[in-house]
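One chain comes next, on its own, written as structure tokens: the form predicted alone.
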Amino acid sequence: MKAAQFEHHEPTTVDEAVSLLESLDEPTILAGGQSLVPMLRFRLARPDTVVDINGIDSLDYLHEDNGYLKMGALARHADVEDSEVVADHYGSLADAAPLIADPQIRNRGTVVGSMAQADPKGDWGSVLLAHDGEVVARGPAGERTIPADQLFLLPYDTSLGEDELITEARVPAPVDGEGSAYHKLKRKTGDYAMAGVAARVVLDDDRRIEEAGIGMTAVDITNARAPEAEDHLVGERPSADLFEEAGELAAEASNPESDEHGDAAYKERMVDVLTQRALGDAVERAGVVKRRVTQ
């Protein structure tokens, strides 16, 4: 089946794109297109107008700047996967990138596009939450920053305005004693997550956990945090017992649904185990202890 007819606009600047979003009636943004194009092909999506931002060269970047790792709206999953900066300093991002779909999708799909889609089974939303990240949106009223905690509202729904474009996603550059990791369970290569957990810790000079972030994938109506588990970790020295307690709290904070991939109780148990593993790797990368996870 072919896509229904639509108008196709190709802006070359952010200002031009924002102007189109403001003037057109319910336009759809095309970046990587790895979700949109199949929907168009099977006519699950039938937009009247598509604003293709692939010609905006200024949005194609991934670099550290002013205390952040910044990813432009056209940074591909493969760019994260291939980045030496990410590999050396951002463990959770380095873990997540090669787990996304398959190489063909990673070569075209964009990090920001995945976040904007707000699929609760998407990996980047959980990473963004664990790192207290944010996105930068541009609209007719100018530019604003949206913290990750305020971005995801419902499945496929964000706090982004209809005439706004996310131009950048960013996470704070790691500080001394920081480590992060991402663990994901899926049936086979190319599948979405059955469950996933991103974890970030910052250790103080006394080797106690000073900050903690936990983001969960595919176990609630949006990517979600586990605040009780995060609070439980702060002020404590890393240990297997502590991670088991945090895993239990994260599982309690999750809200999975039973489906063909497994029942809710199984997914909750996976959140428990994946939280322990992600915390163990995060702390190991921060240079303190090696992980031990009960099965």
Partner chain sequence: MTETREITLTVNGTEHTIEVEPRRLLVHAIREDLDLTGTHIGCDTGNCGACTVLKDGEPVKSCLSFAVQADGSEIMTVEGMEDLPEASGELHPLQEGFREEHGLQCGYCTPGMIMSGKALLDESPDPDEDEIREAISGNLCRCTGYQNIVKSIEYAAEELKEPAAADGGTVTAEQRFADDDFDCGVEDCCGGPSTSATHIEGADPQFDDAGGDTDE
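Owing to the predicted nature of the structure, the values given are computational and were not obtained by experimental measurement. Positions refer to the first chain, counted from 1.
One more form of this protein should be noted, the form predicted together with its partner chain, which is absent from this view; the next part is about it.
Student: Just one stretch in 242-250, 32-40, 61-69, 257-265 has heavy atoms within 4.5 Å of its partner chain in the predicted complex, so which one is it?
Tutor: Residues of 32-40 come within 4.5 Å of the partner.
Student: Would you check, heavy atoms only and a 4.5 Å threshold, whether Asn54 touches its partner chain in the predicted complex?
Tutor: Yes, Asn54 sits close enough to its partner chain in the predicted complex that at least one of its heavy atoms falls within 4.5 Å.
Student: So, in the predicted complex, is Asp204 in contact with its partner chain at a 4.5 angstroms heavy atom limit?
Tutor: Because no heavy atom of Asp204 falls inside 4.5 Å of its partner chain in the predicted complex, the answer is no.
Student: So in the predicted complex, does Glu10 come within 4.5 Å of its partner chain, heavy atom to heavy atom?
Tutor: Looking in the predicted complex, residue contacts with its partner chain include Glu10, since a heavy atom lies within 4.5 Å.
Student: Does the 4.5 Å heavy atom contact test between Asp88 and its partner chain in the predicted complex come out positive?
Tutor: Residue-level check for Asp88: no, no contact with its partner chain.
Student: Which residue, Ile105, Ala173, Leu185, Ile146, is the contact with its partner chain in the predicted complex, using a 4.5 Å heavy atom cutoff?
Tutor: Selected option: Ile105.
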